[in-house]
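As structure tokens, one chain now follows by itself in the form predicted on its own.
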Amino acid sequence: MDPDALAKAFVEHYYSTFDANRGGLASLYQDGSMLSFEGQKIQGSQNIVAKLTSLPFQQCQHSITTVDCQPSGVNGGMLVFVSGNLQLAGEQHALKFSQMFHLIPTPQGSYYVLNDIFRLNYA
């Protein structure tokens, strides 16, 4: 699968899972994975999912504006950079966000998130 198609498929899966069932994201992370969420660093799949499920909103809808990707390293890793809008239930205006994923291939032929950096973009 070409890198752009892979990045697009990952992004669609990640955000549809986030919007429907954040706990379902656990399988995308491993113990060595790290999330930087608005500057707060969280390591390990369980801690990352605990952070994401504790966010102060229950329902949200991501709408993706751009997806850029580049190969990373000699073992088939990929950098994926996403920008878009995050609409929270009950809020009139969407929040703009950027997120970067460093995907690493697994022996089983899938990918996991080694690094994940999320930032809201304030005007």
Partner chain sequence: MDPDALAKAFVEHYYTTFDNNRAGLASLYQDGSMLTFEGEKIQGAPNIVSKLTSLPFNQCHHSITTVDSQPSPATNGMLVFVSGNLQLASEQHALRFSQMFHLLPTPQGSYYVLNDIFRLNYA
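Treat the numbers as computed from the prediction; the structure is a model and nothing was measured. Numbering follows the first chain given and starts at 1.
One more form of this protein exists, namely the form predicted together with the partner chain; it is left out here, but the text below deals with it.
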{"query": "Contact segment among 74-82, 50-58, 22-30, 87-95, judged by heavy atoms lying within 4.5 Å of the partner chain in the model of the complex", "finding": "74-82"}
{"query": "Contact label in the model of the complex: Thr17 to the partner chain, heavy atom within 4.5 Å", "finding": "no"}
{"query": "Contact test in the model of the complex: Gln46 vs the partner chain, heavy atoms, 4.5 Å", "finding": "no"}
{"query": "Proximity of Ile117 to the partner chain in the model of the complex, heavy atoms at 4.5 Å", "finding": "yes"}
{"query": "Contact flag, Ile64 vs the partner chain in the model of the complex, heavy atom cut 4.5 Å", "finding": "no"}
{"query": "Residues in 12-37 close to the partner chain in the model of the complex, defined by a heavy atom within 4.5 Å, in order", "finding": "Met34, Leu35, Ser36"}
